[in-house]
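Okay, so here's just one chain, in structure tokens, the form predicted alone.
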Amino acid sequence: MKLDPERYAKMTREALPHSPVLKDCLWAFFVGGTICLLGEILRQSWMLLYDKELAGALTSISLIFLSALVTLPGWYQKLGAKVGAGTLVPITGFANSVVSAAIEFKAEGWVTGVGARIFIIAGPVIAYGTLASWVWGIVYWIMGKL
């Protein structure tokens, strides 16, 4: 049976499950916002003890630690499956991707498993983020010279 592209596209649309885009976006917004609210609560709490700059660093460290802790029993993945991108965007999603890879490849050993593959998901984010910041730095430098 030979299908033309239009017929194939129609069959694909009919076979795909309906995605509740608005509901998914709202879930992502509120869960991501809740994670950010937790971050702000932590920041305000740290500012009671330390200056603004150190409180910001401690907030990031706290969020990364909490994300890693919640990733170990698999709770973060369950939350991510339910709410999607809301858990991926904040710094906690980055920490989750590193810890998840470490857990997954631990059976292959500390060097060839964890050591070699811990940044399998987060590595491209680091690489392209560094490249993008370098390129934008050059653009700003050139604009400053003009």
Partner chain sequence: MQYIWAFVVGGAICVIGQLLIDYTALTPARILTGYVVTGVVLSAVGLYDPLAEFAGAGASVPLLGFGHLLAQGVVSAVDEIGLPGIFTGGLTAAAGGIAASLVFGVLAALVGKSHDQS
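A quick note: this is a predicted structure, and the numbers were derived from the prediction, not measured. Positions refer to the first chain, counted from 1. The term rigid core refers to the most C-alpha atoms you can superpose between the two forms while keeping them within 1.5 Å.
Although it is not shown, the form predicted together with its partner chain is what the next lines describe.
Although the partner is absent from this view, residue 51 stays clear of its partner chain in the predicted bound form, with no non-hydrogen atom inside 4.5 angstroms. Taking the partner from elsewhere, residue 37 is found to have a heavy atom lying within 4.5 Å of its partner chain in the predicted bound form. Remark: residue 91 counts among the residues lining its partner chain in the predicted bound form, judged by a heavy atom distance of 4.5 Å or less. With a 4.5 Å cutoff on heavy atoms, residue 44 counts as touching its partner chain in the predicted bound form. In the predicted bound form, the residues of 21-41 lying within 4.5 Å of its partner chain by at least one heavy atom are, in order, 21, 24, 25, 28, 29, 30, 32, 33, 34, 35, 36, 37, 39, 40, 41.
Taking 2 Å as the criterion, residue 138 counts as shifted between this form and the one not shown: its C-alpha moves by at least this amount when the rigid core is aligned. Annotation for residue 16: C-alpha shift of 2 angstroms or more between this form and the one not shown, rigid core superposed.
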